[in-house]
Every structure is written in C-alpha cells, then in structure tokens.
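The data below hold one chain only, encoded as structure tokens and taken in the form predicted on its own.
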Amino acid sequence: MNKSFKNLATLFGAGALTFSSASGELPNFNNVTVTVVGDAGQNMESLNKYADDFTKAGVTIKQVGATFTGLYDKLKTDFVAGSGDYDMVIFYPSYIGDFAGNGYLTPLDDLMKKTPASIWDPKLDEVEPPYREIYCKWGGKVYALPYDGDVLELYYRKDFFQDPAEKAAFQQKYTRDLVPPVTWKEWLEVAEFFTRKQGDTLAGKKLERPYYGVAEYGARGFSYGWFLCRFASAGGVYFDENMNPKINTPAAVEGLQNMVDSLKFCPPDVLSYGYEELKNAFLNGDVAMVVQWSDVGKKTADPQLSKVVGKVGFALVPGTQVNGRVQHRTPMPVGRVLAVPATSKNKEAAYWVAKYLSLDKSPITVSANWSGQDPYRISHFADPSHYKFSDEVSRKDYLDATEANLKNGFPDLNIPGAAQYIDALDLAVNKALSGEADPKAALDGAAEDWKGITERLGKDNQKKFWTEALSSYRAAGLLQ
C-alpha cells in the first residue's frame, strides 16, 4: 500500500485501503460502514441506486433520514454534542457558514489532492462558479462537494408565444414583439396579456374556464426566493459591510411591489401555492408562465406528469435595468452539498462516497426525475445524452437556460443565523402578498428583525462571517 494512503488511514482512523484490481476505478475500504444523514426522500435515493458500487468498494451505507425542516436541528445537535454519529452529511448550503465557521466540518482540500486522481479528485474546477465559490467553500477552504444545483428558471408556453394571432395582438397593444419577458416590467405586461376570462379566445381556442398569465410561489416557506428574483437583479445584497440590512432599500420595495402586482394575473388561490401547486399549475396547462426550480424543466417533458410536453420554452429569469443594461441575478434557493463532519469515524471512506456522488454518478443523477437533483457542472451541460425530452430543441433550450441561470446564480444567505434571517424575510414577503402590510412596511419590519437577530448572535461575529461571505460573492463574480 502507498505510504501516503497508509498515513492517511492512520490519521483518519479508517480501515486499511486498497484498490480494486477488477475495474481500476473503485477503491476497497475493507468493509466499513458510512452513516449518511440528509432530508429523507428522493434526495437520498442515489444512495440506493448506486448501492452495488458502494458494496464493491467495501462500503456499507447506513441511512438516517430527517424531515426537510428538521435537518438543521438534527445536525446541529449532533455537532454541538460532538457525538460523531454521522460520517457524511447532506445539507442545504445556506448552513455552510454555521457548520464550517464553527469547526463542525472537515476541510477537504488535502483529500482532494490525493492520488490517483480518479479516486480522489472531485474536479471542482468544472463546477459553475456561484456554486463552487459560495456553497462549497468557507474561509478559503473547501468544506463540501456539490450534489444538487438548485436554481430558478423561467418557463413559458412557447406555443402561445409563437401563435400568429397572439403575436399580432400583443404587438398592437404593447408596440413590441411577444417574447419571453427580459425585465420584471415586461413580466407584468406579458402576464396581463395572457390573463383571460372564461369564453375568451386563446391561440384560436375558446376558453372553458379562466386562464392566467402567471403564478407565483405564494405560500409561506420559500416565497422569499421569488422576491429575491426582483431584489437581487436590482443589485441587492443582504447587508452592507457593517451588517446593516439592505433588504428594505427603495429598489427592494419596488421589487416586492412588482411581486404583489403580479398577483392580479395569478390564479385566485395562489397564496396557497408551494412547490407542488406551482409546478402543477404549469404542467397542467393552467398558466402561461412560471418561475420555478430547474428540476421542473425535466418534468415538462414527461407525459406521465405533464400536459404541455413539447410546448414549453426555457429562459433566464427576468432581470432589472441597472445603469442602462438589464442585470440578471437568479436565486439558488435550497440546493444540497455533501460534507464530512469533523467527528466522523470514517472520514476517508465518507469523502470518497461524497466524491463518487458529486462527480462520477452525477450525470445520471441530475438528469433523472427520480432524484430531485439538478445540474451544477459544466460537463452536465456539455453532454445532453442523459436528459429525456421529446425533441432535441427542447432539450438544448432547457440545458442552455439552466446553465445561463446558474452562471448568474444569487445565493441563499449562508452565514450563521441564516435560517432565522430568511424566515423573517419570508414572513415579510407573505405579509405584503396577503395585504397585511404594504411592501415598504413589511420590509422595514423585516430589517428591524434582522438587526435583532444580529445583536442576539453577536454583531462582531456576524460581521466577520459576512465578510467571509462577501469574499465568496466576489470570487464567484457576483460583486465587484
């Protein structure tokens, strides 16, 4: 056995490591158990799909599931106690500042450099920059590998946009071509145009029920992401360099007002729309446009799920005109990364499992409907063969749009306290959507809540963490 691997095994307390002579691609960890924790359901399904490969590598996977909303508490409790119950963790990258900043995770840089590269190198250089720099790194070190490249995307009914009668009517009303909206002002115009009453005509057919131009994520929980679409593209950032909230600037208020105005062209029950309802509204053919996560694009092509197969266009999420040019900043709500706790008893094997999922099997995983994962690597877009669409044009358009949105990705807040800050913002957005408060009052209230959270967590510490976050924003090209 190579001396470096022997030393590594001794350092990490793992079993002796050899390499499989059968394939030359899989290591052999000589029957170790890697305990993996993450949110239960489709996002852990890859552990089952590739179980045979793990077995061949001498690894038994033990799965521990958590609820989507309970994952943070489950991990934090284990980390603080130092119990070492988990060897690999799947978590939302908004937690990386908390987990890495507090020393709960193992830096992966040294493992990534081991040889042979086919076993150890996760090829982070080909991960899209916003994901690599912001969601996988902290303080200049790598603490996580990418697993799920969540990003929002614009979906629209291209058959309606290409209909000659609809194009002529739009040109007459707005004196411009009917194209997917590039700005949020255009979003409202197109939404208004396609909103029709029962009995009206749409693309040559008489409507048997009302039709709506758009739908929003109106339910409590992630509506903040749809606000961030407007806020971020206007140049918004969460705080200034002294931790003063910037979520209630005039541009932020204008963005939230745009979202409120959008409700006039949405189904009447839109305030109850979460992921499933918003997805189904589009897949069932009830609305002309939605902004949704990138996994929905794959579902539009599945006749078991979609009534609009072959009728969907894909585009950048609308932006905001800033200094004479349209700026796009697409939110990346949730996502998932893979990391090795500092207290893991099998760090070497756990890291390899993470690398195998993040790189080797990722082309299959991110293209499959069973996984819930979305692309995040340049290679995911370079090879479209795994994606199942009814026609080549749709497949190419989906991948092009997904990559373009990811290149312009705007991250979830990822410093300690992120969950508290985001919850306060989401509540404010919902107050504005429901009419409980106007957008300015709602965001002013959230800004005050943010100040309170910062004081409770310690402003000096939070400022330090935010400085680290800003460095990653700059590294990803999102800030000058």
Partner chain sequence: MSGVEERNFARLMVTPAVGLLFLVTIAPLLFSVVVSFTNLQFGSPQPMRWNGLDNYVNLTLRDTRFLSALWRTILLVTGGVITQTVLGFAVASLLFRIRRGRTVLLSAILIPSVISQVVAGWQGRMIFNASYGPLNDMLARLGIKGPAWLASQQTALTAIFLTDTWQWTPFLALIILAALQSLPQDIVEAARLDGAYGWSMFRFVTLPLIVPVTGIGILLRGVDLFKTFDLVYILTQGGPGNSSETLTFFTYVQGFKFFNPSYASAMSFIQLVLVTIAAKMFLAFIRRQRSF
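Residue numbers count along the first chain shown, from 1. What we label the rigid core is the largest C-alpha set whose atoms superpose within 1.5 Å from one form to the other. Remember, it's a predicted structure, so these values are computed and weren't measured experimentally.
Although it is not shown, the form predicted in complex with its partner chain is what the next lines describe.
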Position in contact with its partner chain when the complex is considered in the model of the complex, options Leu47, Ala447, Leu427, Val64, heavy atoms within 4.5 Å = Leu427
Which listed residue (Asp73, Asp383, Asp302, Asp391) meets the criterion of a heavy atom within 4.5 Å of its partner chain in the model of the complex?
-> Asp73
Among 47 to 55, 432 to 440, 407 to 415, 27 to 35, the stretch whose residues bring a heavy atom within 4.5 Å of its partner chain in the model of the complex is 432 to 440
Distance check, Leu271 to its partner chain in the model of the complex, heavy atom within 4.5 Å = yes
Verify the contact flag for Asn43: yes if a non-hydrogen atom of it lies within 4.5 Å of a non-hydrogen atom of its partner chain in the model of the complex, no if not.
-> no
Is there a heavy atom of Thr69 no more than 4.5 Å from a heavy atom of its partner chain in the model of the complex?
-> yes
Within a 4.5 Å heavy atom cut-off, is Arg209 in contact with its partner chain in the model of the complex?
-> yes
Can you name the residues of 285 to 306 that have a non-hydrogen atom within 4.5 angstroms of its partner chain in the model of the complex?
-> Asp286
CA of Asp412, rigid core aligned, shift of 2 Å or more between this form and the one not shown = no
When you overlay the rigid core, is the Cα of Pro303 off by 2 Å or more between this form and the one not shown?
-> no
Verify the C-alpha shift of Gly82 between this form and the one not shown: is it 2 Å or more after superposing the core?
-> yes
